[in-house]
Each structure stands twice: as structure tokens, then as C-alpha cells.
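Below you'll find only one chain, the form predicted alone, shown as C-alpha cells.
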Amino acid sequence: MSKALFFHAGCPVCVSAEQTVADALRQPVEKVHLGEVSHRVAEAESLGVKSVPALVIDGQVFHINHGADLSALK
């Protein structure tokens, strides 16, 4: 089983992100490989994704590390 850690500073933004992510990950997550389905790059862009990997939950974008700018996938 995987182990997930969520680090934060206790501020309202961090606590909100923690609650949002924890609640959402109890649900199935659609995984979109933009290198294979490039027609969805525009969708990601319209949601506010700037780079990948990123997780979008209820319209809120969580950029995770930095693998590639979205522009590199166009």
C-alpha cells in the first residue's frame, strides 16, 4: 500500500488544501496522459494547469513538483 504525506504550515490555505485533497482522493481519480491524448491539453489549460504533474479538484489546481510546462505538450 502507498503512503501519502501532506506537509503544510497550518495556515487557512494549507488546511483547506489538506481537506480538499483528502476528501477527493477517497473518490476515483481520472488519470489523463497528455502525451497520449493531446486534444485534452486545451482542457487542462482552461482549468488553470500551468505545468504537469498537476491535480485538479473541484476547479482548484494543485501543481505537484515540476515535470514539464503545459506549453511543451502542445
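Think of the rigid core as the biggest set of C-alphas that the two forms share within 1.5 Å after superposition. Predicted, not measured: the structure shown is a model, and the values here were computed from it. When you see a residue number, it is the position in the sequence shown, counting from 1.
Quick note: we don't show the form predicted together with a further copy of the same chain, though the next part is all about it.
Report yes if any heavy atom of H39 sits within 4.5 Å of a heavy atom of a further copy of the same chain in the predicted complex; otherwise report no.
No.
Examine Q27 and determine whether its closest non-hydrogen atom to a further copy of the same chain in the predicted complex is within 4.5 angstroms.
Because a heavy atom of Q27 falls inside 4.5 Å of a further copy of the same chain in the predicted complex, the answer is yes.
I have A17, T20 and H63 flagged as a candidate spot, so tell me whether each of them has a non-hydrogen atom within 4.5 Å of a further copy of the same chain in the predicted complex.
Yes, the whole candidate spot contacts a further copy of the same chain.
Rigid core fitted, then: does G59 show a CA shift of 2 angstroms or greater between the shown form and the other one?
Where the cores coincide, G59 shows only a C-alpha shift between the shown form and the other one that is less than 2 Å.
Relative to what is shown, are the Cα atoms of S46 and T20 closer or farther apart in the predicted complex, where the gap shifts by 3 Å or more?
Farther apart, by at least 3 Å.
By 3 Å or more, the Cα spacing of V29 and A22 differs in the predicted complex; is it closer or farther than in this view?
Closer, not farther.
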